[in-house]
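Next comes just one chain, in structure tokens: the form predicted on its own.
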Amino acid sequence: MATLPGKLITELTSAFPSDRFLTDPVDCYSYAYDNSRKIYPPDAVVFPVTAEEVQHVVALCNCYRIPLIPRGRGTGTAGGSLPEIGGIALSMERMLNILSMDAANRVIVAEPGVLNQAVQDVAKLDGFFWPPDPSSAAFSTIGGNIATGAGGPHAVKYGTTRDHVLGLKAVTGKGDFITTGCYTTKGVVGYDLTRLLIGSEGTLAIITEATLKLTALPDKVAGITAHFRDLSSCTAAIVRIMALPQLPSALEFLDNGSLHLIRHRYPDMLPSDTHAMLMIEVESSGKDISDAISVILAACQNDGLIRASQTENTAMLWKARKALSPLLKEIAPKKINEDVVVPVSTLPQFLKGLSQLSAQYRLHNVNFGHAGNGNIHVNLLINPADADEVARAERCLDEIFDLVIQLRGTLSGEHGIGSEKRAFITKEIDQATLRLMRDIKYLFDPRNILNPGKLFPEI
């Protein structure tokens, strides 16, 4: 644990009112954890409300070489906002201003503590939305979405956070103010530092303002459900759907374990003989959406299909889908949750491999996710008090990651690396590339105060 020097405490006390600088361990405890369910208490918590205050804290932490861990609302699952070696948690939750809404240019400018849902609510008044829609959208911040490169169900059509941020203002680990990107949708002046910062998990700079690119709301949206007797029939339908010229706006996959969880909460929602399911959403910018529905329904047809049809209860289905992660916590003392991605064409091979590995290591496994991107949320459910089961889960996870890389996939699609996956990053990134990444980290943060130890193992 880092120990805060008395002089640093004095300087922060003089710079921040008592409700925006916390040192009591009881008050700080709420900032000791995120959704990874691990606990590392910070030595203090600071709540800036301006970019200048952010810069002041960075300067002080540089002076005293104290770790500074930026965080939003702590909804991340990869341990990216955990103060593993103590230091100061820099909570951005009070930077809550939406600075402008520019419908003519389809742009909204917001501070990092603004909730994703708040952006959606403001944009909707002018007929727009911001496409990144993680399951935590009602609670997660724009800054957190940017720091992790968040995605969500609609990334299959619209892409992830990287595709919808035009520019950023930030404070580097050196304490410099920087401005990246531009206000227009075209711009090729200089290096693309905006996309570099997106997904950097607070290791390079602290975002103080974001210029977000908005998208017009569709005229019509329809939901389709497709029920299958077996996993292979379901994955074959996914591959056919994604080969269509017109993409669905969402394509969610649920395996048999996921369906059991939903049945337990919503007993009358699903047929008993469904062992794999797709939740599909299609959109139309015109008046008629029937052609898009017909094409998707045709792509679902195979020998394992039980039924596929348009559904009127789309809201309830999405509610059930978004409840899956919380439901898993209710039935298992611990879940190892991984958001791996493989090419869509390899999904049948990947999901078959998952079944084989979970059977080999005698583990209960529940899988669901954004099938249209090949982004599967793998959940190994274990009892942390059972040392043998924990060891088997660790070996199984290692082989799952090997399978992902073998299929030309990636270890994380939207949750980030944080601390949870850093031990595995060399499976995907070679040493020369890692050295370059560390060099970039050094340029932004030469004293390694910003979120130290995250993303990749220390040198």
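Because the structure is a prediction, the values reported are computed rather than measured. All residue numbers refer to positions in the sequence shown, first residue = 1.
Another form, the form predicted together with a further copy of the same chain, is not on view; read the next lines as being about it.
Stretch-level contact analysis of 225-233, 338-346, 359-367, 304-312 against a further copy of the same chain in the predicted complex, using heavy atoms and a 4.5 Å limit, identifies 338-346. Interface residue remark: Gly409 is counted as part of the site for a further copy of the same chain in the predicted complex, having a heavy atom within 4.5 Å. Proximity of Cys61 to a further copy of the same chain in the predicted complex falls outside the 4.5 Å heavy atom cutoff. Contact annotation: Glu414 falls within 4.5 Å of a further copy of the same chain in the predicted complex, judged by heavy atom distances. Taking non-hydrogen atoms only, Asn383 never approaches a further copy of the same chain to within 4.5 angstroms in the predicted complex.
Glu428 is the sole member of Glu428, Asp402, Asp27, Glu394 with a non-hydrogen atom within 4.5 Å of a further copy of the same chain in the predicted complex.
Between a further copy of the same chain and the residues Ala138, Ala298, Leu96, Leu244, the one pair within 4.5 Å by heavy atoms in the predicted complex involves Leu244. Residues Gly149, Leu443 and Phe456 are all found to lie within 4.5 Å of a further copy of the same chain in the predicted complex, as judged by heavy atom distances. Counting a residue when any of its non-hydrogen atoms is within 4.5 Å of a further copy of the same chain in the predicted complex, the hits in 90-119 run Ala104, Asn105, Arg106.
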